[in-house]
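What follows is a single chain, given as structure tokens, in the form predicted alone.
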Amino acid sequence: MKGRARFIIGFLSPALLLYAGLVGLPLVQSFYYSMFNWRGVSPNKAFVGAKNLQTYATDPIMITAAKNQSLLLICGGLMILMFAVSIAHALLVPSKTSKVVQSIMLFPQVVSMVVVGIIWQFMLHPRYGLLISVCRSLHLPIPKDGVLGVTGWANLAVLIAFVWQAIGFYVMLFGAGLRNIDGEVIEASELDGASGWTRFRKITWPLLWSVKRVAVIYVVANVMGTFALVQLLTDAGPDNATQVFLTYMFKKGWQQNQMGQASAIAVYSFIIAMVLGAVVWRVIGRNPENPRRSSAI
């Protein structure tokens, strides 16, 4: 047993050291710097204690950022899961068409988020944007300042771009889960006369529990890590309407040279991410269809 323990520790040690150096240490530094008024370019730091954290607990822009993160998490997450399951189920039968559709949907996953932001910025440009030109040809109402220049429309644009970029991965994830379901179970339900919707609701959906858990955790991680898309698409505007935690942190730290305040925003982002992760694990960590084996799923 001791030899096995040494073997496991030997293989885990490099990864743990890298994680501690690249994640753990910067996290501790963020908590430390959040207690100072520091511009980030000078060795002089003025200790302010919890003042930065108290300030951003009631900061209006921080509250707006929290609302936007919630919009992406709830609306975007539900849209991703709903569309991904439907598309994956529709593409379950192998064919040339399904392969082409899968390739098209995976396209946003193989390009940088920077490229995704530039693509959508071009399509929604108020003068020569592709989608704007289509709307004008169809005589659809368009905001005078363009979609990205109006609060509400800009939030909707970020939401749609976020779902478009992410959905290909989840289609692939749910597709793998659907293909792993035992075909004999499906055949038995068909012999019992179960309709398509009943079969999906009573058999397919519960058997995708482990895939659903992974998908929700990934959605939370993607939402909390949203930065490049918002920064490139709207620059967190108009008037901070599309601000999220990381863009606000970037604004304070790298545009206004307030690293202490940026660290406070990073601390809040970390705490919220941990709370969301704990809630998600608590809610979907146990499989209600088979609670005794939930820890192994």
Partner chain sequence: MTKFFGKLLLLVFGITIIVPFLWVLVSSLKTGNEIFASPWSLPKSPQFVNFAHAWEKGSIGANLFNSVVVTLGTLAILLPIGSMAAYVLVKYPFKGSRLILNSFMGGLMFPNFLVIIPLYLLIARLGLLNTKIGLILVYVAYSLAFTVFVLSGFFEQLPNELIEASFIDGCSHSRAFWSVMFPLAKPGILVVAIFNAIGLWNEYPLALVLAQDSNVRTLPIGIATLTNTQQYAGDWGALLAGIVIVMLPVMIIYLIFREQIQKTMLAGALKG
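All values reported here derive from a predicted model rather than from experimental measurement. Residue numbers count along the first chain shown, from 1.
The discussion below concerns the form predicted in complex with the partner chain, not included here.
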Checklist entry - Which residue, A176, I74, L138, A188, has a heavy atom that falls within 4.5 Å of the partner chain in the model of the complex? => result A176
Next on the checklist: When the contact criterion is heavy atoms within 4.5 Å, does M62 count as touching the partner chain in the model of the complex?
Outcome noted: no
Next on the checklist: So in the model of the complex, is the partner chain close enough to S86 to count as touching (4.5 Å, heavy atoms)?
Outcome noted: yes
Next on the checklist: in the model of the complex, does A278 come within 4.5 Å of the partner chain, counting heavy atoms only?
Outcome noted: no
Next on the checklist: How about S263 - does it come within 4.5 Å of the partner chain in the model of the complex, if we only consider non-hydrogen atoms?
Outcome noted: yes
Next on the checklist: So, a 4.5 angstroms cut-off on heavy atom distances: do all three of I80, P238 and I284 pass it with respect to the partner chain in the model of the complex?
Outcome noted: no
Next on the checklist: Using a 4.5 Å cut-off on any heavy atom, which residues of 64 to 101 would contact the partner chain in the model of the complex?
Outcome noted: S86, I87, A90, L91, V93, S95, T97, S98, V101
